[in-house]
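First comes one chain, alone, set out as structure tokens in the form predicted alone.
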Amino acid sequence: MNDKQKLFNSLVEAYQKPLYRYGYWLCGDGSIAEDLVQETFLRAWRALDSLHNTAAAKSWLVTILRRENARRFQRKAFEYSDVPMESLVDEGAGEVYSAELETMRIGIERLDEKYREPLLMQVLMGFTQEEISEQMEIPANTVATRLRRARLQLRDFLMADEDVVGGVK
């Protein structure tokens, strides 16, 4: 196995699951998320020589995935429906799907995209505010504001849900 193949295999090993989770949150469909990840790695393989700094691989792959997701909308118009999404728990992880996870997922889905995307990039992909700023091409202060507002809105949603479940409302 040559160095290019070794590097590519290590990227797939390290980022396949996080890219899938991020893709899933972007599109809300497991099979489309799988396609996005597959296309991401296909494009990454073709352009692997352009990756000069392996420390930047995560950002590079997320950029490719985001562009692939945008290409979906250029190729075809989609009909949207409120089909329930499956749990984001890794297969075989042994974690039980819970009402709390479902409530959290619904709360995150209800966030405006400008708040949801940076939150997911931070939580699912582990990006810093600066990395999110670069990825989204917006100022770092804007990212900080959007992350704060996303957390506040999510907290408010969860508190309201807790009150309803607890019989307060």
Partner chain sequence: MNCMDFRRVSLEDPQGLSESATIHVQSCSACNVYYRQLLKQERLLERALNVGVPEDLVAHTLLRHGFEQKDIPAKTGNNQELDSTLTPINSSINSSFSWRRFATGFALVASIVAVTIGINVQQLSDPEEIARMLVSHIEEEAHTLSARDTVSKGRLTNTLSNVDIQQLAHLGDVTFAGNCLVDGKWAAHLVMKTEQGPVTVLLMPNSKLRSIDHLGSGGDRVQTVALRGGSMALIGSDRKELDLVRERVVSSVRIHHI
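Positions refer to the first chain, counted from 1. Only a predicted model underlies this, so the values are computations on that prediction, with no experimental measurement involved.
Same protein, other form: the form predicted in complex with the partner chain, not shown, and the subject of what follows.
A.B. asks: Is there any non-hydrogen atom of Ala70 lying within 4.5 Å of the partner chain in the model of the complex?
C.D. replies: No, no contact at 4.5 Å.
A.B. asks: In the model of the complex, does Thr54 have a heavy atom within 4.5 Å of the partner chain?
C.D. replies: Contact check for Thr54: yes, within 4.5 Å of the partner chain in the model of the complex.
A.B. asks: Taking 4.5 angstroms as the cut-off for heavy atoms, does Glu100 touch the partner chain in the model of the complex?
C.D. replies: Because a heavy atom of Glu100 falls inside 4.5 Å of the partner chain in the model of the complex, the answer is yes.
A.B. asks: Any chance Arg105 has a heavy atom within 4.5 Å of the partner chain in the model of the complex?
C.D. replies: Judged by the heavy-atom cut-off of 4.5 Å, Arg105 is in contact with the partner chain in the model of the complex.
A.B. asks: Would you give me the residues of 42-60 that have any heavy atom within 4.5 Å of the partner chain in the model of the complex, in order from first to last?
C.D. replies: Residues within 4.5 Å: Leu42, Trp45, Arg46, Thr54, Ala55, Ala57, Lys58.
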